[in-house]
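What follows is a single chain, given as structure tokens, in the form predicted alone.
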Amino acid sequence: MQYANMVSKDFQNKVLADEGLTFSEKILSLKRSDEPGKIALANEIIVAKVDLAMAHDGTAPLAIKVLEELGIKKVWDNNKVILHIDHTYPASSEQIANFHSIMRKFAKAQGCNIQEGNICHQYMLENFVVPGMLIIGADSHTTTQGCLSAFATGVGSTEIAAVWASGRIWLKVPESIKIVFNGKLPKGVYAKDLILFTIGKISCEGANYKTVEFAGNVVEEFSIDSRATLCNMTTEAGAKAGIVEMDSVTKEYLTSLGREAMMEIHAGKEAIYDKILEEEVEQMEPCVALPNSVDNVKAVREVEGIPIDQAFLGSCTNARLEDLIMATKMLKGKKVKEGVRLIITPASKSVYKFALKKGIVSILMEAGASITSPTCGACVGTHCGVLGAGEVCISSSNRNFIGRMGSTESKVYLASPATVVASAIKGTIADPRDYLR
């Protein structure tokens, strides 16, 4: 993938070395196209060149319609436009099947990449994203891809159509918040607990149009899977982007996939932040977000015993390999509580294949779990786990709004995969520490 902006090497080196700039200011300075070679400071409005632009079956059909109405015959670069059929896959109705058909025909006519049966953000991480990219996605959780030190943000269908047509986007350079997690994680506490705790502390509007940079020894020790969870849920605090800077973990991940960084960007040591939050993790506990807001967060022990009908381990937040491995360790030799549905959705075909090869799927099914093909279905309430009136679900996904997973009379509690599995075993919301070996 070629570097998307035409700036001089001297300017690039100057920006990368500037100790007074945040990550966002650096990367958007190097991507700006309205005034190339000019530093892009927080709150400045710029036009930037895009490296990748994606949309899925929930947003792409409208974007395609908008392009047609504008009379745009060709996207700006078919190698940088990626379509995903993932939100309702396989199709659950004739209407959805028709949407999928529209996308397939468009992709064929344009010669752009289209994939089916992988949750879009996981597939992007596995196949396209590298540090230094500017990625625009027609999905709010595009922020996930910041775990690989890219600036990735979500937009709507009409905006992604404009990006497809021009390869550029209008942006206000966001101010930044730095969140530092230090210490040793206690038993039963995971990345999902840290981000739920943070959103509970700062509120669902606490990072509105900000970039959230994660740092500290805990984050440095996290896998890419865990970093993806952190960045994914910055959206739930209103953030424009979530970032984990490139380090040895990033490099090792890229090397395993045969990719290398576009550029390595680090925030300056004298960068100005809207706020810096420092958290010592030793006293943290497993967390749950109660209905119907992601910032309605309590410790699991405060809500233990609430009966559940369904437990869902999936979504772009927590359906990756380490999550399935953890679930297998907890469920081996155990059974899902009678009357509880445990639905597990791998994040991608790659994750699913590994789980099959290693016997993970067999162990999960022996315990009573239902395994679906990779899809967003249950998370967004379209299929594969829709909730009925009065039903209660504990979910590893990212949102628990009214009607998010089906009936407006259902209730969704958000938690880590470990808490989800523990609850499936017990039949009520349960503390995972009681089930971890």
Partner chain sequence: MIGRAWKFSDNVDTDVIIPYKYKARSIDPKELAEHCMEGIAPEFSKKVKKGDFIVAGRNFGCGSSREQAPVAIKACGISAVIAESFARIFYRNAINIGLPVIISKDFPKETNEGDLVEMDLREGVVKNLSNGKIMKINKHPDFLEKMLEAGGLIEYYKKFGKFPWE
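Keep in mind it's a predicted model, so treat the numbers as computed, not measured. Positions refer to the first chain, counted from 1.
Quick note: we don't show the form predicted in complex with the partner chain, though the next part is all about it.
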I'd like to check something about Tyr209: if you look in the model of the complex, is any of its heavy atoms closer than or equal to 4.5 Å to a heavy atom of the partner chain?
yes
Decide whether Glu69 counts as a contact residue for the partner chain in the model of the complex under a heavy atom distance cut-off of 4.5 Å.
yes
Consider Ile169 of the chain shown here, and say whether it contacts the partner chain in the model of the complex, taking contact as heavy atoms within 4.5 Å.
yes
Is Glu205 part of the interface with the partner chain in the model of the complex - any heavy atom within 4.5 Å?
yes
Note which of Gly154, Gly188, Gly132, Gly200 lies within 4.5 Å of the partner chain in the model of the complex, where distance is taken over heavy atoms; exactly one does.
Gly154
Can you pick out, from Lys240, His87, Lys80, Lys178, the residue that has a heavy atom within 4.5 Å of the partner chain in the model of the complex?
Lys240
Which of 356-364, 310-318, 116-124, 157-165 sits within 4.5 Å of the partner chain in the model of the complex, heavy atom basis:
157-165
Looking at the partner chain in the model of the complex, which residues in 418-437 have at least one heavy atom within 4.5 Å of it?
none
